[in-house]
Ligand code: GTP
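Below you'll find only one chain, the form predicted on its own, shown as structure tokens.
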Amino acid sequence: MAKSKFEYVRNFETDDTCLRNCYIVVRLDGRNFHKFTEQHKFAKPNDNRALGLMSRSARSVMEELEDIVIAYGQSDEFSFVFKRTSTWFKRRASKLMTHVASHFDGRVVLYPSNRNLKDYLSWRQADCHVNNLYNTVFWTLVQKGGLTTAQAEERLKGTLAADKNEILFSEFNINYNTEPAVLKKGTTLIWEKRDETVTKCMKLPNAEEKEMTVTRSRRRVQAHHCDVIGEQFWEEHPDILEDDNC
């Protein structure tokens, strides 16, 4: 086909190919989720329905885009990590982001080393803890302590984590350490091999049929609500990260 005289406009497109040998992180944040939460009357500060919905949605993304090696989520955000060697969509940031995102704001960030990536995920999990502790105390003061939102905000101004824990325990008999791990640690999704047993109908040489039990190993996305800041998680799942020297 002959080139059109208008084809020059393609030169205005920006090259957004992601640098090679870097983990590609697509991080999503909910857009206008406060309206969504009000419409569905989600409980504050946390609603298990909302967290379950986020986790199931993220699992679906991973199952569709198998180059995602790990995903981490908390509240209304989720980060999806594409392996270093991924060539999906020719590593174009805009293509990757739009295939992952739906009703979310998104951004693409590159991390060149295993340490950089682990520090990124540690940062997001630390943020999860800080936000959840604050929200837990804030809404406890409002819902059980009778304060207005403005009064609760003023009460917590300048407080440290120890102060917030003390408010929960001494005034409301709530031990923050016993709160569900999904709220304090967020959700980490990874690929894991699991044995699956199925029954098959096999034809024998004499044309008879016989039911046989077959066990096979399949990769599935599994959810964890655990610490990713320490080294134990990474030691237990060494196949997530790629060699820094590759």
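Only a predicted model underlies this, so the values are computations on that prediction, with no experimental measurement involved. Don't overthink the numbering: it's just position in the shown sequence, from 1.
One more form of this protein, predicted in complex with ligand GTP, exists but is not displayed; see below.
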In the predicted complex, which of the listed residues (39, 177, 217, 32) lies with a heavy atom within 4.5 Å of ligand GTP? 32
Only one of 86, 136, 125, 75 comes within 4.5 Å of ligand GTP in the predicted complex by heavy atoms, so just point that one out. 75
Hey, in the predicted complex, is residue 63 touching ligand GTP, heavy atoms inside 4.5 Å? no
With a cut-off of 4.5 Å between heavy atoms, is residue 210 one of the residues that contacts ligand GTP in the predicted complex? no
Tell me, yes or no, whether residue 47 is in contact with ligand GTP in the predicted complex, where a contact means a heavy atom of each within 4.5 Å. yes
Answer for residue 202 alone: is it within 4.5 Å of ligand GTP in the predicted complex, judged on heavy atom distances? no
Which of these stretches, 63 to 71, 217 to 225, 192 to 200, 22 to 30, has heavy atoms within 4.5 Å of ligand GTP in the predicted complex? 22 to 30
